[in-house]
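Structure 1 and structure 2 below are the same protein chain in two forms, each given by itself as structure tokens.
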Structure 1
């Protein structure tokens, strides 16, 4: 019994931070129709910035809680600024072009950011483990887990619910949905579509960087971090359905559980299991588990 509970808890912990990354990716695609290859780079950028802030706070002998709050605030501010700058300074020049062009532009950004992180932080692993001890150890059904890992689960649930509530129950969310369903009609109704694009892209970058910051205390930051994450993120949004918040949640849980089960039962098949699930879903639901309903155009 404890064995299966371990797989479930490990899977949910994996799913928690993957969901936040995939949520940003699916939000950008849903609003801007961009398959953002650079999304993994924003995750890595958030992790590196968080590690830098945590190291600076620890050097001043401040409590780990101060480092935790400082890393989240700094990542939020920097990621939002980078997202706005990138969308206004580069991506807006390619709106209306073929989707392949935008795909190549984001791939170019991905390569540039990879070199930027190497230039700033080097190629050696960086650790920032101080916040990892913030919540101590927690006993759950006879199992002992690091509290930080378990706290990630409610944090991701709150973020997911906030995004869903913001999109479906607020005026701003209704405007974003209107742009998603019919951009031309939104423009005729006075909606500033470019402003919606900028905010949506900045928010997607923020979510990726926030996921990187939350996982920074658990991992070692080194080159290649962004490649691993972007593969998993694309698998999640393909399984769940491009542009669907609910799909991102279900896709993240499936991928998280598959990875956890593989690690405990067949470690050599970890990536294979993820692609197996993706292939099985696409075989019966080519548009993903949660296909977004499109408004009929007259």
Structure 2
């Protein structure tokens, strides 16, 4: 019994991190129809900014809780600004072009941001572990878990619920959904689509950066951080269905649990398991588990 509880808990910890990253990716695709390759770079950006802020706070002998709050606030601020700047300054020039063009543009942004992070933070691994000890250790199923890892589960659930609620139960969310369903009709009804695009993209960047910031205290930040994340989050949104919040949640849980079960039961098949799930889902539901229903234009 303990063994299965361990798998479930390990899987959920993994899923909580993956969910936040994938959520941003799926939101940007849902609204702007952009497969954002640069998403992993925003994750890395968040992680690097978090490490810098945490180190600065620790250098002033302030408690780790201050560092934790400061890192989240600064990442939110900087990521939103970067998101808005990129969308207004670059992406909007390519709207209406072929999807491949936008894919290439985001790939270019990915390459540029890779070099920018190297330019600012260098190639040496950076880490800032102070917040990792913030919530102590907890014994569960006969094993010690770091409280910080467990706290990520409710944090990701709250973020996921907030996005779902915002999209489905608020006026702004309904406007966004209207844009997703029919952009032309939304424009004719007086919706400022460009503003929706900018906010959605900034939100996507913010979520990726937030996931990076939340992960930063337990990893070593170094070049190459972004490419691993982007592959996993693409797998999740493909499993869940591009553009679906519920799909991202289910996809992240499936991948997290599959990965945990594989490490415990069949370590050699760990990477294969993720792609096996993806292939199995796509075989029966080519557009993912939660295909968004689209209104048919007449």
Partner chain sequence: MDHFRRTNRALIVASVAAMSLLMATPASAQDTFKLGIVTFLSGPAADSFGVPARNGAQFVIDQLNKGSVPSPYEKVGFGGMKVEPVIIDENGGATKQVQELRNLYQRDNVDVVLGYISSGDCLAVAPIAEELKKMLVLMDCGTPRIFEEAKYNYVFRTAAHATMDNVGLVRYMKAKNIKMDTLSAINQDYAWGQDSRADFVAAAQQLYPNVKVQTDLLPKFGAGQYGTEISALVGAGSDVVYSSLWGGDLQAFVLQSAPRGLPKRSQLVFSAADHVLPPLGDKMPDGTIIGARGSYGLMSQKSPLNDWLFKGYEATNGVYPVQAAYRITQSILGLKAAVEKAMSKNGGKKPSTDEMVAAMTGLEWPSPGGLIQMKLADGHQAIQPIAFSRTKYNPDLKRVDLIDIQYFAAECVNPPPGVKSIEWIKGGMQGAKCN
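In this text, the rigid core denotes the largest set of C-alpha atoms whose superposition between the two forms falls within 1.5 Å. Owing to the predicted nature of the structure, the values given are computational and were not obtained by experimental measurement. Numbering follows the first chain given and starts at 1.
The form predicted alone is represented by structure 1; structure 2 is the other form. Comparing the forms between structures 1 and 2 on their rigid core, the Cα displacement of residue 141 reaches 2 Å or more.
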